[in-house]
Structure formats: structure tokens, C-alpha cells
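First, one chain by itself: the form predicted alone, in C-alpha cells.
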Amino acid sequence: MTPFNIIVAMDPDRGIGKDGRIPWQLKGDLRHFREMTTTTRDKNKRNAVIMGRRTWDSLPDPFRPLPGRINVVITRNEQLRLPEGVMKAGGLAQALELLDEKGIRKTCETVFVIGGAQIYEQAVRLKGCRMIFSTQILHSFPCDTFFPPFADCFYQTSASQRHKEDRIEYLFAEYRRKDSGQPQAV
């Protein structure tokens, strides 16, 4: 299985959305997301982003597909029309297989799962998920969509200093899978 990471922004209750939208607008979080999902060590490669159809639909038109990245949309709707170059998969496993096929893996450096909740739920359970890169919003929001519990399988390896924007504090944290063979932080 292709190894992959998750990138997510969540509040203290693991809330990630309300009515199909992100309940906060933080330029620093958006900048962090863009940098994480576009930056590669090898300038000849790109990163891939895997998302559910609702996440795809929530992207503003000027940013759909996400530029500079290989975009894969998970949907059960076989009739869904996507722009040229955007791949479609019936599930997370199929999306990961697509990135292994057709020589794509040779040009793809890192794979990120970017949502939504159902896709995150599947991703957290797969051993191929190595890291979670999380923007921790330090204020609770009224959310109706949540990131799944993950503390049993992941441990925190780092956290940034706090940032403040529009009276909302947040930080960037990284979590590694406990059974990834790496030493755990004490």
C-alpha cells in the first residue's frame, strides 16, 4: 500500500466542519496547508491530495483542482465529471492504488488525505497512514462534522508556537503512527 499522511484542521472537540464549510477562516492555516501539500524535496516531483467529493465541491472554483498537486477525488458517482488531469476513485484503497499505477508514483513524492470526515475515518485506520499534520484550533466551534478519534494509534511528535489571527489561537502539531517502527516520544 502506498504510504500517506493526513492533513487536517480541527478544534479541541475534533470539529472540522459545519454545513459543508470550515467554520474558521485563518490565512496562516491556509498558507500552512498549501506549503505542506505542495512542497517537495525533489523539484521534479509533485505531491498528491486525496479528497472526498464533498471536499472537492467545497473548494472555491479558482482553486479546483488544487494547483501544483495531483488531485484524486473519491466518489461513488460514476457519472461525476471532473476536469482533465483529476483522477476519480471509488474508495480510498482504489485512490492509493491509482497513485501506484501508470508510473504516477515515480512522479509523486508525498500523498496527503485532505478530507472529509468519511475519508479521514478510513484513513486513520489504515497502517499506511504514517503521519497526521494537524492545525489545532484552540477555540471550540459549533461543528457538525468531526475528525475521528486517533490518540490510540498516534502520538504527538511536535507542536509549533501558538499563532493568533482574528482572536483565534492555533498551532501546528504533528502525530506519528505508534506502530510505524519509529521510537516514541516520552
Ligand SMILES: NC(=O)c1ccc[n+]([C@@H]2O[C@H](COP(=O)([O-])OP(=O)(O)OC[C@H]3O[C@@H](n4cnc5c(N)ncnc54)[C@H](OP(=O)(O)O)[C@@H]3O)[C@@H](O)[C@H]2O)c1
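Numbering starts at 1 and runs along the sequence shown. Here the structure is a predicted model, which is why all the values come from computation and not from measurement.
Not on display, but discussed next: the form predicted in complex with this ligand.
Although the partner is absent here, residue 75 lies within 4.5 Å of this ligand in the model of the complex, judged by heavy atoms. When this ligand is considered in the model of the complex, residue 24 lines it closely, a heavy atom lying within 4.5 Å. Within this chain, residue 54 lines the site of this ligand in the model of the complex, having a heavy atom no more than 4.5 Å away.
In the model of the complex, residue 117 approaches this ligand with a heavy atom inside 4.5 Å. The stretch that touches this ligand in the model of the complex, counting heavy atoms within 4.5 Å, is 45-53, out of 123-131, 60-68, 157-165, 45-53.
Shown here without this ligand, the chain has 90, 91 in 80-101 lying with a heavy atom within 4.5 Å of that partner in the model of the complex.
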